[in-house]
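Take a look at this one chain, the form predicted alone, written out in C-alpha cells.
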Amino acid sequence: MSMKQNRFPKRLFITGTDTGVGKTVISAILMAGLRGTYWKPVQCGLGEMTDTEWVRVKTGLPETNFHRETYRLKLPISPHASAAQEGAHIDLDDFRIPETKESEHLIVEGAGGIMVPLNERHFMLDLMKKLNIPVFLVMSSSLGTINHTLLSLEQLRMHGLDVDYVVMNGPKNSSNREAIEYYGKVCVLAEIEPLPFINPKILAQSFKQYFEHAQ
C-alpha cells in the first residue's frame, strides 16, 4: 500500500446527495484501491444482487473483505418502509462498527441520501452521527446537483458532521463543480467520469487516476 493510500482515514462513511448518484461505484473504486473491508449497514432490496455482492464481484476481493449487513430488507424502497413491510423495526442500537485489523480501511456505505428514514424517529443521518466516522459525500454532476449538494452539506454541518471528502460522479461539469465549491465552501476531491466497464483492473486504475494524486 502506498503512502498516499495511508492518508485516507481508516474508516469512511460513503453517503450521497440522493439515491442513484453512484455511492456503490465509488465504494468499489475505494475498495479496489485501498484493499479494505466493506460494510453496508442497511440493504434494501434482495433481488439479483445486493450492493455487497456487487462490490465483491466487481472488485474480485475475497469474502473475508466483506461484513454482513445489519439489516437485509427485501424491498428496494426506503429502509423504514421496507422494514415495515416485513413487520420489522430498525433500531439504532443494533448497529456496531465491524472489527477490523489496525492496518485495514473500512468502507461503510449508506442507503439512499442522508435524510432517508430508518424508522419513525431516526434517519440515515442519525446512523452517521452514531458511527461518528469521516463522511465521504458523493454527488451527481447533472442538473439539480447544486441544490441537492448544498442542502446535504448544510444538514451534515448543522448536525456536527464534518464532510472530509466530496466527489462528483458523472460527465464533467465545471460550472456545477465551481458553484458547489464556492457556495458550499468545499473542495471537490475528484470528478469521476463514467467508466467504460467495471472490473478489478478498471477500478484499481480509477483509484490511481482520481484519488492517489488528490490525497
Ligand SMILES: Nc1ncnc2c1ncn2[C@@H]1O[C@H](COP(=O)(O)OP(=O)(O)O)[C@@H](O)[C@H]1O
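For every residue, the number given is its place in the sequence shown, counted from 1. Because the structure is a prediction, the values reported are computed rather than measured.
Heads up, the form predicted in complex with the named molecule isn't pictured, but that's what we're talking about next.
> Going by a heavy atom distance of 4.5 Å, is residue 54 a contact of the named molecule in the model of the complex?
Within the cut-off, so yes.
> Does the named molecule come within 4.5 Å of any heavy atom of residue 19 in the model of the complex?
It does: once the named molecule is placed as it appears in the model of the complex, residue 19 has a heavy atom within 4.5 Å of it.
> Does residue 194 make contact with the named molecule in the model of the complex, using a 4.5 Å heavy atom cut-off?
Residue 194: contacts the named molecule in the model of the complex.
> So in the model of the complex, is the named molecule close enough to residue 204 to count as touching (4.5 Å, heavy atoms)?
Close contact is absent here: in the model of the complex, residue 204 is far from the named molecule, nothing within 4.5 Å, heavy atoms only.
> Quick check on this chain: which one of 43, 149, 169, 176 has a heavy atom within 4.5 Å of the named molecule in the model of the complex?
By the 4.5 Å heavy-atom cutoff, the listed residue in contact is 169.
> Quick one: find which of 179-187, 159-167, 66-74, 23-31 has residues within 4.5 Å of the named molecule in the model of the complex by heavy atom distance.
Only one stretch passes the 4.5 Å heavy-atom test: 23-31.
> Using a 4.5 Å cut-off on heavy atoms, what residues in 110-131 are near the named molecule in the model of the complex?
The stretch does not touch the partner at all.
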